[in-house]
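Only one chain is shown below, in structure tokens, and it's the form predicted on its own.
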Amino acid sequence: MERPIFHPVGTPIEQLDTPALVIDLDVMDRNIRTFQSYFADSSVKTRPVVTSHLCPQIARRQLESEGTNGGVAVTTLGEAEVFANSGFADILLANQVVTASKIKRLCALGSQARIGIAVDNPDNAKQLSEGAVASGVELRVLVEIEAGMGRCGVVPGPPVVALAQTIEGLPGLKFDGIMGSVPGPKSDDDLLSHESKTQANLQVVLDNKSAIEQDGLPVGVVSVGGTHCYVQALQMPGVTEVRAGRYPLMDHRLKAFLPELSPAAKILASVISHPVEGMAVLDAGHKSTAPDQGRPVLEGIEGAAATRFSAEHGIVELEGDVQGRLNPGEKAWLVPYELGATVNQYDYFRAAKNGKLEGFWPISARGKLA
């Protein structure tokens, strides 16, 4: 658990103890307005995925802006509980819940909020039905279709139709529609084929919508994710919502898809050593940057790059004229490569405006993995 030093409101940001996860509120609000405006005049709406920030204050700002369907999406039952207890009334748990104890917890939330759940197995649907009936609630169910992620989801075709019909016939469940997640590119080379691959993956979901409707069952919701597929989703009739996560705070990984948005969440680090000309050492290592999927990017110093991380240390290599920069006591900014893993290292965002601390925002769903 993080144990931050709670500096008073108005403290200049660079005087904060480090490492610290800082949000620039003006940048965040601008990102939200920009991205959600794409959906404002469309029948397709965004459903914010709060897993990437885990913070009710940020989610409220998202729902207060135009372009959403009024609900949020989460990935774990623990996250759903946090957001239901924080007053959110429409929550899609875009994942499977399969154990008896978790199904009981899920159904308990049905008395607090409108709860949606993903299903890709008929036996699981029957278990959810039994739990919902016992709890006196109704769960809205989306059949998850495997659309290229290689993860959860029913194989496209007749199994999707059969599962939809099974759900429709079970008490305590309401067949609400279908959902699918589509992969983003893993390299710069993949960017060139991103649009065509995304369209093909989304078409898998839409083809299954048509198959279910041809079998006589209406499909009210077609939910697709993630953030990177929004352009194609807006162009393809039949999609009703895009589950989008990282756009309020951004990270380096998503920047190629949304160059009009800027990183709003960054790690403030201190230089603790400059032992040789070509190297500086930061107090931000694996425990504060979570570089498992990619190294954070040092911001604002051309010729300097964060290249290695141990548990508590980040190594910055310096070339040319910048070898005299980043001396002990100076500060540096790191942009997370993958936001969700980084956010989960902290209990609080340091919310900032005009370079000064506005407050500490709890990352309330941090660590709610079960």
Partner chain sequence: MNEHYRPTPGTPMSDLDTPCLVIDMDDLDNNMDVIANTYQGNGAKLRGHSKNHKTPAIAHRQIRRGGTVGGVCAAKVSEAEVMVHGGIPSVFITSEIVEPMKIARLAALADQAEMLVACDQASNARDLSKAAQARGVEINVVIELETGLRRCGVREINAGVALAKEISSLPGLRFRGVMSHQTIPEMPDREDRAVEAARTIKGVIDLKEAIESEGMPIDIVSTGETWSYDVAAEIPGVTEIQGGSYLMMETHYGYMTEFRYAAKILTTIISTPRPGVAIGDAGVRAVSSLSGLPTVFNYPGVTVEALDSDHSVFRVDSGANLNVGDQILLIPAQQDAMVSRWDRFIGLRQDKVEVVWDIQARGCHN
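Positions refer to the first chain, counted from 1. Please read these numbers as outputs of a predicted model, since none were measured by experiment.
Here the subject shifts to the form predicted in complex with the partner chain, a form of this protein not shown in this document.
Q: Within 4.5 Å of the partner chain in the predicted bound form, do A164, S210 and E358 each have at least one heavy atom?
A: No, the candidate spot makes no contact with the partner chain.
Q: Going by a heavy atom distance of 4.5 Å, is T227 a contact of the partner chain in the predicted bound form?
A: Answer no; every heavy atom of T227 is more than 4.5 Å from the partner chain in the predicted bound form.
Q: Even though the partner isn't displayed, in the predicted bound form is K102 close enough to the partner chain, meaning a heavy atom within 4.5 Å?
A: It does: once the partner chain is placed as it appears in the predicted bound form, K102 has a heavy atom within 4.5 Å of it.
Q: Closest heavy atom of E79 to the partner chain in the predicted bound form, within 4.5 Å or not?
A: E79: yes, in contact with the partner chain in the predicted bound form.
Q: Using a 4.5 angstroms cut-off on non-hydrogen atoms, would D26 count as touching the partner chain in the predicted bound form?
A: Looking in the predicted bound form, residue contacts with the partner chain do not include D26, since no heavy atom lies within 4.5 Å.
Q: Quick one: from K174, R114, R151, K126, grab the residue that has a heavy atom within 4.5 Å of the partner chain in the predicted bound form.
A: The option sitting close enough to the partner is R151.
Q: Just one of R33, R61, H313, R325 has a heavy atom within 4.5 Å of the partner chain in the predicted bound form. Which one?
A: Here the answer is residue option H313.
Q: Please identify, from 274-282, 229-237, 130-138, 194-202, the stretch that has a heavy atom within 4.5 Å of the partner chain in the predicted bound form.
A: Of the options, only 274-282 has residues within 4.5 Å of the partner.
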